[in-house]
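Let's start with one chain on its own, the form predicted alone, as structure tokens.
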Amino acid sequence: MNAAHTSFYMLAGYVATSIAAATGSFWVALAAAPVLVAAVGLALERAVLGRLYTAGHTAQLLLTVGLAYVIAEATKMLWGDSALSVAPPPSLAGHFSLLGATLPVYHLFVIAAAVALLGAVAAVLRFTRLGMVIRAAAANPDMTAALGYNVRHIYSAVFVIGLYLAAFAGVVMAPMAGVYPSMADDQLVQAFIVVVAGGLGSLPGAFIVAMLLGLVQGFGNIYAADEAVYFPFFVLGAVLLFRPLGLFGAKAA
């Protein structure tokens, strides 16, 4: 239960701005920043978070909320309160036409990267032995440990993979939305809605709700800009009204 997940998203954006400024290359920042942030996350997981795996979700939630505040203040100390930006690479700086609309090429890159990462995660979880072990450890850690697997290492691996994905997102979003101190809070609400409405532990549910949320917000920003900020909560309420456990949520055994 990681309430600091989007804080690592924000941290990757700041790290990417420094790497891009030092090297002059967005691609170097994209390659290096997620790895560095995931390494920081692994150190924290080993030192602090891993001690609470058996303490329940409440303890994990409280600790990661505190960790989110620490990361937020640390980024302000290192990079200040001003918004920063990363220029997209020249190869992705153009525009293209689609159905009469002119869209930045960089947006197409972000969509393609998201689809590729989602496909990779889904393939690993569903079609590999590693994915089978991860799903088993999530469903029944005691039985998985009895079969000879180190559940502690599995948890660490999943945690780091999740942080890498969050960090990758933070870097690719930096040229579009900029990097600023409250970007973690802005994305935390979206992530909460996607996870809860999709159903805890459901990758297909998260994907469907994320797509729905994007469409609702997109049309809302065009046709009802002043009220669009409330639309994500309408989606959450509508889903939970008919599916209290989320689209693909299931009761625990």
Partner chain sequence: MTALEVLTRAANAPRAAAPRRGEMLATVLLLGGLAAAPLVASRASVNDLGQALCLGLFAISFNIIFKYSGLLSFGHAAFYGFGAYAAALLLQYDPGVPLILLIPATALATGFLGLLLGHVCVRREGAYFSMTTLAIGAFFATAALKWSAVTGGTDGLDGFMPDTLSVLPFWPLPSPTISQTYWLVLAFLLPAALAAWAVLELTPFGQAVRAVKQNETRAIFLGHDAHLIKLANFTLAAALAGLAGALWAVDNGFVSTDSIDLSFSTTVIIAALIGGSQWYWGPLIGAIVYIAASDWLSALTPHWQIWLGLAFIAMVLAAPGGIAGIAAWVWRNTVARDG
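Residue numbers count along the first chain shown, from 1. Because the structure is a prediction, the values reported are computed rather than measured.
We do not show the form predicted together with the partner chain, though everything after this point is about it.
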{"query": "Options 204-212, 35-43, 22-30, 224-232; stretch whose heavy atom lies within 4.5 Å of the partner chain in the predicted complex", "finding": "224-232"}
{"query": "119, 121 and 216 all contacting the partner chain in the predicted complex, non-hydrogen atom within 4.5 Å", "finding": "no"}
{"query": "Sole residue of 105, 74, 160, 139 within 4.5 Å of the partner chain in the predicted complex, by heavy atom", "finding": "74"}
{"query": "4.5 angstroms heavy atom contact with the partner chain in the predicted complex for residue 53", "finding": "no"}
{"query": "Residues within 4.5 Å of the partner chain in the predicted complex, restricted to 39-70 and counted by heavy atom", "finding": "48, 51, 52, 57, 58, 59, 61, 62, 63, 65, 66, 67, 69, 70"}
